[in-house]
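In the block that follows, a single chain appears as structure tokens, in the form predicted alone.
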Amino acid sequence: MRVLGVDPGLTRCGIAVVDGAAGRRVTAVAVDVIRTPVDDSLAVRLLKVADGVEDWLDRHKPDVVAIERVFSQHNVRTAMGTAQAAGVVALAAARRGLPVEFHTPSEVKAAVTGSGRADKAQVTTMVTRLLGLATAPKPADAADALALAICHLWRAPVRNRLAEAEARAAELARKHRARLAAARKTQA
């Protein structure tokens, strides 16, 4: 499976492609940061992010896009820009019929380091080790994009099995309620 991982942002949007599967070695295909000038208008910055992401989608042809879920931040303006950038990425993927999954920062940290409270340096160190990179990806946004892709590769199969089990359980519960209702009718 090929995953495009995106650490959304307006000034720096980390973007990476990783190949792999659950329980298998992961391989970095490409990593970079899409940058936009802070003096450009919001619309132009979002357009530059969209253009960069669309280029990556066309060039690398991922199977799925994993985006960091915008988590509450103290700076509302920063959170809004990050959320808007994430929306642009999700839209570009949806236009191509690609599934989009969102992962929280703590999910990503736990997947690659074993701790949902890991700092950026720990995430970068583990991403470098897991992918067998000669040097650590810089800036941190690039490492975070790689971590998102790895997180998705490792967590998606578990999520899918859990969703299937929940659907089966809901169907069994529905059938059981129907049998109980039918039994009550025959007793009445």
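Since the model is a prediction, treat every value here as computed from it, not as a measurement. Numbers for residues come from their place in the sequence shown, where the first is 1.
Quick note: we don't show the form predicted together with another copy of the chain, though the next part is all about it.
Participant: Pick the stretch from 132-140, 41-49, 25-33, 56-64 whose residues have a heavy atom within 4.5 Å of another copy of the chain in the predicted complex.
Facilitator: Comparing against another copy of the chain in the predicted complex, the contact stretch is 41-49.
Participant: Could you tell me if Q84 has a non-hydrogen atom within 4.5 Å of another copy of the chain in the predicted complex?
Facilitator: The answer is yes: Q84 has a heavy atom within 4.5 Å of another copy of the chain.
Participant: Hey, in the predicted complex, does V112 get a heavy atom within 4.5 angstroms of another copy of the chain?
Facilitator: No, V112 is distant from the partner.
Participant: Answer for A90 alone: is it within 4.5 Å of another copy of the chain in the predicted complex, judged on heavy atom distances?
Facilitator: Yes, A90 is a contact residue.
Participant: Please check if V100 has a heavy atom lying within 4.5 Å of any heavy atom of another copy of the chain in the predicted complex.
Facilitator: Yes, V100 lies within 4.5 Å of another copy of the chain in the predicted complex.
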